[in-house]
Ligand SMILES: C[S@@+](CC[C@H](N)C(=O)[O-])C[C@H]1O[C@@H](n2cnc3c(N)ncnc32)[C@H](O)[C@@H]1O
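We begin with a single chain expressed as structure tokens, specifically the form predicted on its own.
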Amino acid sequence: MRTRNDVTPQTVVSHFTARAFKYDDSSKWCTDAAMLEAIVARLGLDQRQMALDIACGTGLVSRRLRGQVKALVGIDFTDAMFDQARPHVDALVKGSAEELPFAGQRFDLVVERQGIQFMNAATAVAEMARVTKPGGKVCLVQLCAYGDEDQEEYFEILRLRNPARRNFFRREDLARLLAEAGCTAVTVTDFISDEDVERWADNGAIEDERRQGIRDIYHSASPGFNRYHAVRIEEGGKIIDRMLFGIAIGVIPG
């Protein structure tokens, strides 16, 4: 895991306040039913569960979980994002995943998608484990580099796209975070999303110079990067990247 130390909570709030108006349409993966089904298929949902959506944002994951569990709580600390989640959760809490305002062993399921990259990841995952009941599941869903050959270029692309991003992951980082938080039976499943890079980079919160920097990396990408990302530059200059998400799940020992 690569980590930056110059990102503050204020940076994160400012970034997502700027993005909130178009967040749901900022990437294919945001509303991709196939991704949400891939997550849900691994969670074993039932109507007896209490669930917590970490960094719930506009409630995209909550919308899929709502009605499949007994009760659903969302937590986030960017007003412009989480105000949009209100219709999709049973309760909404303003706060940080690094210091969850809940008693221990409260939830059967705790899930985050694209949230811990903006936090102290180890602290946040430990908190997720703390509030999960024995036998319950903790789920992390994150964009990841494939490995050594694409890591440097991809981490730079992610940095340019999101100046609030603190952590850059590989799949093994997600497994390690869960294991270090005390989870067992840890699994990591790949989900591949073919993303339109221009749409993905035009998030409403970065300047044109950063977007051009992203394009430049794709146009000069190394053979190793292209091997994994299967980069396609189509007629008219459209860039398609085969982006990798890790869906990591661990069980709290009972």
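Owing to the predicted nature of the structure, the values given are computational and were not obtained by experimental measurement. One rule holds for the numbers: they count along the sequence shown, beginning at 1.
Below, we turn to the form predicted in complex with the named molecule, even though it does not appear here.
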Subject >> Answer option from 113, 88, 137, 171, heavy atom within 4.5 Å of the named molecule in the predicted bound form >> reply: 113
Original post:
Pick from 155, 146, 77, 102: which residue has any heavy atom within 4.5 angstroms of the named molecule in the predicted bound form?
Top reply: 77
Original post:
Even though the named molecule is not shown here, does residue 12 get within 4.5 Å of it in the predicted bound form, heavy atoms only?
Top reply: yes
Subject >> Distance check, residue 197 to the named molecule in the predicted bound form, heavy atom within 4.5 Å >> reply: no
Original post:
Looking at the partner-bound form in the predicted bound form, is residue 52 within 4.5 Å of the named molecule by any heavy atom?
Top reply: no
Original post:
Is residue 205 one of the residues lying within 4.5 Å of the named molecule in the predicted bound form, judged by heavy atom distances?
Top reply: no
Original post:
Of the listed stretches (40-48, 212-220, 181-189, 59-67), which one has a non-hydrogen atom within 4.5 Å of the named molecule in the predicted bound form?
Top reply: 59-67
Original post:
Does the trio 29, 97 and 119 actually contact the named molecule in the predicted bound form, every residue with a heavy atom within 4.5 Å?
Top reply: yes
Original post:
in the predicted bound form, which residues of 16-30 put a heavy atom within 4.5 Å of the named molecule?
Top reply: 16, 23, 29
